[in-house]
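Here's a solo chain for you in C-alpha cells, the form predicted on its own.
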C-alpha cells in the first residue's frame, strides 16, 4: 500500500437491511417454488410422453398433436366468444355502477361497495349451485318461469348446445363485479375537482363531463381492468366445469377445462403442458396488442 492509498471503507449492514433481505429472500423462495419451478417443469414435460417413472422425450409431438386437434381449436373459439361477450359488458356495468355510486356520501358508498363485493367473498362452488338451481330445466325452474312470463317458453338452458354458452355468459354478467367497481370508484375519487368546476363554468352537461373528463382520466384504470379481465376470461375454468362440464357437444369447453381434462381425466400430462404453454403465449400476445394499441398515452 502506498503512502497516499486511501483505506477501503467497509459498508456496515444494519439490522433493517438484514430484515429487508430476509423478507425479499422469503418472497423470492416462494416465487421460485410455486411459480418458476412449475413453469420450467411444464416446459420440460411438454416435450415428453410423461409418465411418473420413465418419461420419454418426444420433441414437438405434443405441440403438433395439439395444433391438429379440432377440439383444441373449438375450445379456443369458445374461449374467445366467451371473452368478447363478457369482458366489455363487465367493464361497462362496473363503470356505470361506479358513476351511480359516486354522488353518495362516503358512508353510503362504503355500503354499496360492500354489497357489490359480497359475491366475491362467497365460494364459487356455492354460487354455481345457486345458478344451477336458477337454470333448472323443469318448468318450475326460476329462469324458465321468468321466460315463460314473457312468452319465451321453457328451455334446457345448460343441456342445450344452443343455450349453454349464453347461460354461462349471462351468469358472468350478473355475477360479482365488486373488484372492478371498487377500482373504478377509487379512480373516480382521484380525479381533480377543478376539472369539473372548469367544465361547469363552460356550461358542460353531465354527458360532456363524462366524455371529456371522466373517460380520459379513467383510461389507465380501464386498460388495467381490460387486460386483467381478458387474462381471467381466457383462464376461465370453474364455471364451465361446474355448470356444464364442457357440454353439451363441447359447446362450452373452454381451454382451461380442456387442459384440466387432458391432465387429470386422460392423464396426458405432456399434451396438457403443451396446451398450457400455448395458452400462455396467446394471452401474452393479446396483452401486448392491447398495450400497443390502447396504452400509447397511458402511464402508470
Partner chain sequence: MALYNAHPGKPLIRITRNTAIITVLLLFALATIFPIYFMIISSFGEPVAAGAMDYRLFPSSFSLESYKFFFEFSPYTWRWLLNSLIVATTVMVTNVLFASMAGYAFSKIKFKGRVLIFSIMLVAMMIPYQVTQVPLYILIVNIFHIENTYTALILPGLVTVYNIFLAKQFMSSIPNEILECAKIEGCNQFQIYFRIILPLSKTVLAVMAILTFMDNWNTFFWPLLVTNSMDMQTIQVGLKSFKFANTTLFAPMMAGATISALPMFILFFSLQKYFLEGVTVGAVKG
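Note that the rigid core is defined as the largest set of C-alphas that superpose within 1.5 Å between two forms. Residue numbers count along the first chain shown, from 1. Quantities reported herein were computed from a predicted structural model and do not represent experimental measurements.
The following text describes the form predicted together with its partner chain, which does not appear among the structures shown.
Within 4.5 Å of any heavy atom of its partner chain in the predicted complex lies no heavy atom of residue 70. Contact check for residue 119: a heavy atom falls within 4.5 Å of its partner chain in the predicted complex. Remark: residue 147 does not count among the residues lining its partner chain in the predicted complex, judged by a heavy atom distance of 4.5 Å or less. Its partner chain is not drawn, but in the predicted complex it has no heavy atom within 4.5 Å of residue 74. Screening 169, 87, 97, 158 for any heavy atom within 4.5 Å of its partner chain in the predicted complex leaves a single hit, 97.
Interface residue among 81, 162, 217, 210, judged by heavy atoms within 4.5 Å of its partner chain in the predicted complex: 210.
Of the residues in 101 to 134, those that come within 4.5 Å of its partner chain in the predicted complex through at least one heavy atom are, in sequence order, 101, 102, 103, 104, 108, 110, 112, 113, 114, 115, 116, 117, 118, 119, 120, 121, 122, 123, 125, 126, 127, 129, 130, 131, 132, 133, 134. Relative to the superposed core, residue 281 undergoes a Cα shift smaller than 2 Å between this form and the one not shown. Annotation: Cα of residue 267 displaced by less than 2 Å between this form and the one not shown, core superposition. Relative to the superposed core, residue 237 undergoes a C-alpha shift smaller than 2 Å between this form and the one not shown.
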